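Only one chain is shown below, in structure tokens, and it's the form predicted on its own.
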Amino acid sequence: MVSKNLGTMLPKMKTAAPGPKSKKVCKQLEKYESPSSSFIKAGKIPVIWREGKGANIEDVDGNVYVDLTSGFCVAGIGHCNPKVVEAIQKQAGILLHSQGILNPNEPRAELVKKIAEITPKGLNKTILVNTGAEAVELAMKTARVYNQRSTVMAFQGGFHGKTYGALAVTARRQYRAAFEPIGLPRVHAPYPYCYRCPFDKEASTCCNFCAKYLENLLDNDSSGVSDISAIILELIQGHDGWIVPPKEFVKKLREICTKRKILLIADEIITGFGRTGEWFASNYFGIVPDIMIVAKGIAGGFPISAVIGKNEIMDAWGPAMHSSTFLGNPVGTAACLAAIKEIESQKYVEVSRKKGAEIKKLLYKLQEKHPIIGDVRGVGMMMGVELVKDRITKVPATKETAEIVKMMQSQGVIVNQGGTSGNVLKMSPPFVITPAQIKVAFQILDDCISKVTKKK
């Protein structure tokens, strides 16, 4: 380990990024691992992580980074949070596994009760599973069991996973093309991406056009859309660049579903557990979905997920109709309980709201300085910075975004490149990131943008 202060350290680079040891590990992965599991086959050599603490990552070459991603929104409470690690170690020494369907365990019972206490009112019953994509498929199964309809409506730009059923409602062609036709009946509707409105409207005068269009799809006998069981959406789209819809749209969507007895499924895999400055994005938007999907931040790093719904919906399942060997794994449920306790005791929901507001102020200042920044958006501690070649034409600055991400990595700051055109800097820092780490990370961002834009 580089330092006992790992977690609160500023960037400290010993080698290039990726360094020689990272490259060596990548060669082994390329030889023995399927290319589907990384970008190595595409020539993108990643940094190999060795240790994580707080808001820091140390790689196998001894370089220390400030992580502005929380590992895809997983480590909100910090990498290797001591309370979660302690809970995992303790539980692993008592009971590592119990048969999911036949022999539940005490932490599982505690967790489902706790989830009912912290989720929006009325979401009282849970099924625990293992990954986000698995939970997405389970949520769609739940809707079908409840109302006996077959078609799911999702949104353009939405990402819900890459397993077969989840892929059906994921929008990206690059993930779906090799597997079409995918059997699950589904429809993709336009999402209110106001910076790039699919209907070429101005946000100030749009008057919820996306919601009106959606109503037409559902009510017009000639639309080709019928038998809708559920509408699933990310309340804030992640993969396509931290796209935040207007609150009015989300509330209208809730009304649309209620009126037509369609279930509203909120995919909160990335937005749950304090990420938006609320416990859940549903709280931020002021709605209660019929079914909620959570994962990532639920356990601080342990792979576990959950589908939570209203009593009458979840009770539509018969005994043992859906089960899994690892359902409600005792180590995973213990990790969840510890993570939730940390969020409560350290007031991380409030921390996320306040720090997120401070970071957005820094980003707005950078937007004033750098014309390449077309849009700054986000809620709580999830911020998207969309880069454009020109603010009028909004032509995506994809190449420049990639250069900035690479340059920042070389200086010890981790950000993700995303967006429909790969022109969005996606940030979701751990709640535990220090003021000093924020200051240095955004100084580096400022410097990298300046260097890249001066090349033009």
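Everything quoted here is computed from the prediction, not taken from an experiment. Residue numbers run from 1 along the displayed sequence.
What comes next is about the form predicted in complex with a small molecule, which is not displayed.
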Although the small molecule is absent from this view, report whether Glu234 comes within 4.5 Å of it in the model of the complex, heavy atoms only.
yes
Taking the small molecule as it sits in the model of the complex, is Ser323 in contact with it (heavy atom to heavy atom, 4.5 Å or less)?
no
Using 4.5 Å between non-hydrogen atoms, is Gly132 touching the small molecule in the model of the complex?
yes
Distance check, Phe159 to the small molecule in the model of the complex, heavy atom within 4.5 Å:
yes
At 4.5 Å between heavy atoms, only one of the stretches 187-195, 267-275, 358-366, 210-218 reaches the small molecule in the model of the complex; which one is it?
267-275
Sole residue of Ile77, Val136, Met381, Ala299 within 4.5 Å of the small molecule in the model of the complex, by heavy atom:
Val136
